[in-house]
Structures are given as structure tokens and as C-alpha cells.
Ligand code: OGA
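Below you will find one chain, with nothing else, as C-alpha cells; this is the form predicted on its own, and questions on how it binds or moves follow later.
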């Protein structure tokens, strides 16, 4: 039976039907998924029941792994393979970490709207998040369709955002929560990068807002004015009409396109186990995207 897709939202997101991720796929099947991702932005693979090795094998069909930030936090993630990001509240022995532990407080940054790795060049293309153990309540993930949000952008905001660039920095999102990086973390951090506020999604040809919690200023604008613009765009893009919320079940895997959607985790009881494992592939094509440069900043 051929793979099919059931839409989950009026704008984006679809559930994958008639597919078993435990089986290897060839280039033709990978192309089917890429075409679907270009259309839906998010693909939900329900109750796949795969292990780490199979998730890694599936991910490898879509590009090289993104492990850039993990190089700075290896000690906190040694329980998983190098190419996999640990988004759980567990230590290396599988025990729940104290809610006030620095690592758990850092993970609270994932509750802010963002696109994975927008703070680096190349940024992330696809992310694949798998649920191993879920809490009794909460812990959903919300996604926002930044293409539909751009299509509905008020004219005033559309004009103000046009041809502007934002600077993204790895520690900005958590700093807004009062979590300050250590001097060692700052020294080891990637330098800030700049992306257009409005990009063209390569797979669909549609314009998309590229914003989120890692964006700390708008180039060429006074800092307060730029942050108000970023906030206005974020508030617009995350209205309920543009958002899909996924309620996790063990075994679910969700694949999303960071170039067209933002996401955030939802509140849950940090004393309960939430074991989530993410693989991400790099968007190598983004290396050649324009950077505004110092001349634009001084304008």
C-alpha cells in the first residue's frame, strides 16, 4: 500500500499513513517525504516504536547531522549517540534531574518559539523528535506555520520587515529567561549570524517569516525598535490559527522543516520523566544565502 498523508490542520501538518520506519528506505521514498514536507511543513509518524539506531538511519536519508551545539555540552548528553540531541530531563543513568539543575533550567529555553539552530550557518533543515517516555500531563509540542503567517501579514508589518535582517545568537533565548551563560560557555559559543526576516522557502517557493527566540536584534534599527518589531512578528505568527499542537504518545516521531515552521515545548511536571530524542540535519544550501554585512548594519 502506498504511503499516504492525512492533513491535520487547515494550513499545514499531516499524519503519515501506511509506513513502517523500521524498514530502510531508498531515494525514491525519501523524495516522497521531501515533497510532502515541502507541502505540509510537519509530518507526524505515529507509534513507530523505533530505537535510536533506526531513527539515526532514517535521518541520514535527508542530509548530514547537525551536532554543532552538542560539542559544547557533551557532558550533559553522554547517554545518547553523538548525532542525537537529548531533550529529556534525565541524567546519564536515566534518573530524573532536579528541576533546579542548570541543565533543566537551560532546557526551559525550548519553551520559547524558535527554529532549531537559527544561531549558526548553516542552520538546521529538518528536525526529527521522538517520544520514548511522556509525562502524565503536558509536554506537548506546538508548531507555527510561518508561511501562512507571512501570507496573512498586515501590510504595515510586511513593509517594515521587507529586506531587513535579524541577528541570531545561541545564548539569547535563554538569557531572556534570566539564565546567563558562563564565561566558558560564552567563549565556546558560535558567533552571531544574520538571516533575512523574510526568506523564500526553497521547496515551495513561498515567502516565510524567519524569526524566533534566538533573534536578538534587527540590523539597522535601534535595539528597542528592532525588538518590538521581532515581538510583533512573533505574536502575529503564533496566533492560534497558525498553530498545530502535537500531543505525544510513546513511539511518535515528528519531522518538521525549520525553514518553514517554528516550534516550542509546552509545560509539564518536571518531576515526571519526559524522554525526547532529537536528530537534526543541516541546511547546507543556507550557506550561500546573503548576509547583510557590516555596510547594512551601519545604514
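It should be emphasised that the depicted structure is a prediction, and the values quoted were computed from it without experimental measurement. Positions refer to the first chain, counted from 1.
The same protein also has a form predicted together with the ligand, omitted here; what follows describes it.
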| item | value |
| --- | --- |
| Interface stretch in the model of the complex with the ligand - options 48 to 56, 232 to 240, 25 to 33, 261 to 269, non-hydrogen atom within 4.5 Å | 261 to 269 |
| Triplet 87, 114 and 140 all within 4.5 Å of the ligand in the model of the complex via a heavy atom | yes |
| The unique member of 208, 218, 129, 144 whose heavy atoms fall within 4.5 Å of the ligand in the model of the complex | 129 |
| In the model of the complex, residue 11 touching the ligand (heavy atom, 4.5 Å) | no |
| The ligand contact in the model of the complex: residue 110, any heavy atom under 4.5 Å | yes |
| is_contact(residue 40, the ligand) in the model of the complex, heavy atom dist at most 4.5 Å | no |
| The ligand contact in the model of the complex: residue 244, any heavy atom under 4.5 Å | no |
